[in-house]
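First, one chain by itself in structure tokens, the form predicted on its own.
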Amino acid sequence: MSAEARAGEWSRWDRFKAYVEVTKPRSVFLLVFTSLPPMLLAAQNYPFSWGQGILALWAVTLACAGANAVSCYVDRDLDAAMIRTCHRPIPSGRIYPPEKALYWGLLLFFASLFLGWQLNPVAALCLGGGMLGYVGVYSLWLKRRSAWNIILGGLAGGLPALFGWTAVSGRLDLLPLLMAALVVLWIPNHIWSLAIFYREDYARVRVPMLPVITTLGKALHCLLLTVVLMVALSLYIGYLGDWGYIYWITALLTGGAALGLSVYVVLRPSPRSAWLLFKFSSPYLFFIFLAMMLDTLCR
């Protein structure tokens, strides 16, 4: 059955859910959440209102959602060929023709730019950089060409955190840059552990994720290195930001768990152990930034 024929079978509610799903809501939630602690931290030193905060949250949410939708359009052929992604809205025919997802994503993104510009030009630039990095650098340029896809394309993942600071301050500073860098260092272990679990899936569509193009041992050692750097940076951020006991306890416990799981995967490499590391990675980032937010509110 053609995608056009399948599209006629879906109800309006199915189509509505598809347009939400193509934005990858769980990914949006986590990225938007990383913008909150820098925003609250900046609000302690710069004038800021609740109205500006709501505007900023709408802007970064629409930007992340729009970038995800456009990326799903770009990757529609890969998604259709991979077992992990073949049921997404575009390959399943719930959004047809696929260009509707592109227009939807661009609409969300330009709406976010408009809102971001109401805050300040630097904040709008962060939003624009996120789309350029994720869709331009990662999806269109590197994803199908180089194992550096996650390293360079992942730079966009740190921009929501940087946006949170610039939305309030209108300027760049070292601490929010390091908070953004923490997200960037988190991305390789998140994606590579997933790629180990779905190694055959990525290999079949010739996406050169590191675990696909090199030996599993080398990939795991690279993964472990990024986790070591990530945990080390989280501790330096605690020192530089003068965080309290909430952050330090969380950083030490979650960092120790991340290191322990990564070493376990290196010593006992298997799809199952890689899947455990992948499932832990998102809670790690959430709890680290939650601890930042709670410490900021307790000051």
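Throughout, we count residues from 1 along the sequence that is shown. Here the structure is a predicted model, which means the values were calculated and not measured.
Not pictured, yet referred to below: the form predicted in complex with a small molecule.
Visitor: Between V137, V212, L113, L194, only one gets a heavy atom within 4.5 angstroms of the small molecule in the model of the complex; which residue is that?
Guide: It is L194.
Visitor: Let me know the one among I150, M179, A219, I95 whose heavy atoms come within 4.5 Å of the small molecule in the model of the complex, would you?
Guide: Checking each option against the small molecule in the model of the complex, the one that comes within 4.5 Å is I150.
Visitor: When the contact criterion is heavy atoms within 4.5 Å, does K17 count as touching the small molecule in the model of the complex?
Guide: No - in the model of the complex, heavy atoms of K17 and the small molecule never come within 4.5 Å of each other.
Visitor: Examine L31 and determine whether its closest non-hydrogen atom to the small molecule in the model of the complex is within 4.5 angstroms.
Guide: Contact with the small molecule, yes.
Visitor: Might V183 be said to contact the small molecule in the model of the complex, defining contact as any heavy atom within 4.5 Å?
Guide: Output for V183 is yes: heavy atoms within 4.5 Å of the small molecule.
Visitor: Taking the shortest heavy atom distance, is V122 within 4.5 Å of the small molecule in the model of the complex?
Guide: No, no contact at 4.5 Å.
Visitor: Check for me: heavy atom within 4.5 Å of the small molecule in the model of the complex, for each of V70, R199 and R206, yes or no.
Guide: The answer is no; none of V70, R199 and R206 reaches the small molecule.
Visitor: Based on heavy atom distances of 4.5 Å or less, which listed stretch (154-162, 97-105, 219-227, 113-121) is in contact with the small molecule in the model of the complex?
Guide: Going through the listed ranges, the match is 154-162.
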